[in-house]
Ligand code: ARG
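The form predicted on its own is given below as one chain in structure tokens.
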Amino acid sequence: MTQSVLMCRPDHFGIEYEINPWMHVAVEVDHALAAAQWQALYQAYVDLGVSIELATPVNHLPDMVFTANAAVLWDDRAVLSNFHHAERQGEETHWRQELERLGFDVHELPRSLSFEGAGDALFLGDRLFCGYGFRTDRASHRPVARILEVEVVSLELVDPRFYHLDTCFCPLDATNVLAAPDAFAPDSLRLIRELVPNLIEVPTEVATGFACNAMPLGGNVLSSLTVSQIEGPLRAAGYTPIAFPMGEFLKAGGGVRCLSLPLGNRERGRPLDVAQPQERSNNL
């Protein structure tokens, strides 16, 4: 079935605050170049047969372009983000409206819990891997598991450059995963190696170019320019990398995956039927 992705044009994108190590307000965004880089990704999706839904950009919410942070989706359910930083909390009402427009049953977590959607929550098959340590609270994982009726695996992030799970971990399919080992606490890395059938380890110097912040589509992996440096292991796993200049978005700590929220989970069928959702973690 045709895959669907939620995107948001970078009409108001810029560096207006600093909430991760990549962001510096003294660094200006080239708006024309950002628009061109975004458009190239948009066109690639169109050419690959992806259906694109567009969210309405909102002035003074520059990070709405990073739609992956809106929520985590499964079947017809969405768990809305509770952004950790006040600078992004104004997005939440708009994301609820967009997701309801798209027909999702939107759930909220208690305000006391930080949770940043698909930025920190990625499915490997029917199992949801959730990051914590910088932008998402580990305590949010259990209610997310309960709402979505899935098993959650909790992974601790330890390098602030990889502040979201999607900057250092990318399931390509139910078997193959890209991951940057240095981004994880040792016990979390052991858990990944235990649970992932084929782990493609990405060197830190490649991952800091946001190679793991990728979108798998069919036999392709769409990512930033450094993805070309792991072409060998990707092709061995049956994938062709497609590299995009993402320099303007890297200034804000985002890449291809950050700009893309897949909406296709509803087309994959109902989630794993578990009476009591479980949580796997390193017990940290």
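Residues carry their position along the shown sequence, with the first being 1. This one's a predicted model, so the numbers in the text were calculated from it and none came from an experiment.
Unshown form predicted together with ligand ARG; subsequent notes refer to it.
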#### Entry: Option from 74-82, 104-112, 160-168, 187-195 whose residues, in the predicted bound form, bring a heavy atom within 4.5 Å of ligand ARG
160-168
### Exercise: I19 in contact with ligand ARG in the predicted bound form, heavy atom 4.5 Å
yes
### Message
Test of understanding: in the predicted bound form, would H141 fall inside 4.5 Å of ligand ARG by heavy atoms?
### Response
no
### Task
Tell me, yes or no, whether G253 is in contact with ligand ARG in the predicted bound form, where a contact means a heavy atom of each within 4.5 Å.
yes
### Message
Can you tell me whether D63 touches ligand ARG? I mean in the predicted bound form, with a 4.5 angstroms heavy atom cut-off.
### Response
yes
### Query
Though ligand ARG is not shown, can you say which of M246, L222, C258, L234 has a heavy atom within 4.5 Å of it in the predicted bound form?
C258
### Query
Taking R127, A179 and M215 together, does each of them reach ligand ARG in the predicted bound form with some heavy atom inside 4.5 Å?
no
